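Just one chain is shown here, as structure tokens, and it is the form predicted alone.
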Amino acid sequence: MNTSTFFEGLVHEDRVHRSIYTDAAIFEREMTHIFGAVWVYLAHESQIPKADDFITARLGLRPLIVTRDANGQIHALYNRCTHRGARICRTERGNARTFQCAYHGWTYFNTGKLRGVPWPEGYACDFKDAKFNLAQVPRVESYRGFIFGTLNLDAPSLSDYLGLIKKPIDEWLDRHPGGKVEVREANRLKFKGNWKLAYDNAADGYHVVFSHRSLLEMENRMQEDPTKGMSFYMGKPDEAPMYVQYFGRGHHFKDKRPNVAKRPGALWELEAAHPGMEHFENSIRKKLGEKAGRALDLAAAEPVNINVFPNLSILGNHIQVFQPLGVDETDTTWYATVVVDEAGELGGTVEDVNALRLRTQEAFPNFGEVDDAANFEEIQRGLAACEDEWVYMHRGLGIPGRVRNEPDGTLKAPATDEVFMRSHMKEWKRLMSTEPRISVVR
């Protein structure tokens, strides 16, 4: 089969074929040509801050253990005993120098090296052979705390892969004291749909006022004029100053910050009411006075959607991770983040800020993501209609001046346009038609 011609037939300028969401063979190829070939988000360094800390993760379907060894080096080990294939770590996170397989007792260091085998005299082999060590991802790198891994020896550096999407990531981090955050616990959801449905939606401003109508109403339930939360999607969102931008390599960005006045406290003023917020807000204002605006803005959800292909989205104050489980099943996990104020920039209000931040973070995962998951499941059900072959993504296409080519090579359009989907589907097609040099190390 000529793979280039095959995938060319599935991805057109204005539409994609339903089979890219429903075909098990295409999904299996994605596990090597997408989730094996590019830099995939694995974990955050704040989740393994100390020597010998670990957290379990996945690279596509591959179960991993992300470890920080005694020397501080980060590894992404296959969570698979080299003996008979059982997972050797069944705990989500912890601190351990070694991992022992519960099946036959083979034990490994957190560097991946085999430590020992029970009753080795029963074997004629040399267990110093590296083939008995745990397989591990050959290239693991971090960008400002975000840990990525790739199996592709020919992939560019992580910095080059991220490219221009680093700018909004930097801006998102640099608004915090010390330019960093720590990751906390998560809201976990699972939907019966293909993983790409979530990524297709990650910069979609067209659906908000329809799919999230109840959330918009809840955010403004105590207001005479609906100005809270995502109310800027109401009316004519095409004409709003917010925009969507495509950065290349499948990465895209929806920037809603232009809807917000550029002054301290303006972002906080958009936050909808929730129980207890007045107590923490009053405490912050009492401690900081006229300087309270910046601290309160850190408690509010930053109005951005930063999407790193294929599985990471930074939305508001959340880190969202997509994990494919099968062609028609996906995990989506929303990790909370908190402010770290080591230099005391916030004048002793960091605990109040984080208390508010965690409460405001409850809103969208609990009241918005369920709307999206329902849509994804309905799409997956609808795509079972095999005679109706095409999924369209042509909003904004062919309208003069609608999509702008920026001097830096990015594409920019109104936040309701589908240029981001057309563009990342072209990258998907390129990757699916290219043979990566996949490898593991031991």
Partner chain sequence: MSYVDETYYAQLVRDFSAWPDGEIGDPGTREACRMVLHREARLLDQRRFEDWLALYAAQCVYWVPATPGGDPRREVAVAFDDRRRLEDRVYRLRTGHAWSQAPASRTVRAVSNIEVFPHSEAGVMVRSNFLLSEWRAGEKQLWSGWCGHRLRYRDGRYEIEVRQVNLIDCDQNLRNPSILL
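Positions refer to the first chain, counted from 1. Remember, predicted model here, so these are calculated numbers, not experimental data.
This protein has a second form, the form predicted in complex with the partner chain, left out of what is shown; the following refers to that one.
J.: Using heavy atoms only and a 4.5 Å cut-off, determine which of V117, I169, A135, V370 is in contact with the partner chain in the model of the complex.
T.: Going through each option in turn, the one that passes is V370.
J.: Which one, M31, A384, A70, A374, lies within 4.5 Å of the partner chain in the model of the complex by heavy atoms?
T.: Residue within 4.5 Å of the partner: A374.
J.: Just one of 340-348, 307-315, 185-193, 262-270 has residues with a heavy atom within 4.5 Å of the partner chain in the model of the complex, so point it out.
T.: Checking each option against the 4.5 Å cut-off leaves 185-193.
J.: D255 versus the partner chain, in the model of the complex: is there a non-hydrogen atom within 4.5 Å?
T.: No, D255 sits far enough from the partner chain in the model of the complex that none of its heavy atoms falls within 4.5 Å.
J.: Using a 4.5 Å heavy atom cut-off, state whether E278 contacts the partner chain in the model of the complex.
T.: Flag for E278 set to yes.
J.: Using a 4.5 Å heavy atom cut-off, state whether E121 contacts the partner chain in the model of the complex.
T.: Close contact is absent here: in the model of the complex, E121 is far from the partner chain, nothing within 4.5 Å, heavy atoms only.
J.: How about D352: is it within 4.5 Å of the partner chain in the model of the complex, going by heavy atoms?
T.: Yes.
J.: Can you list, in sequence order, the residues from 90-105 that come within 4.5 Å of the partner chain in the model of the complex, counting heavy atoms only?
T.: Just E92.
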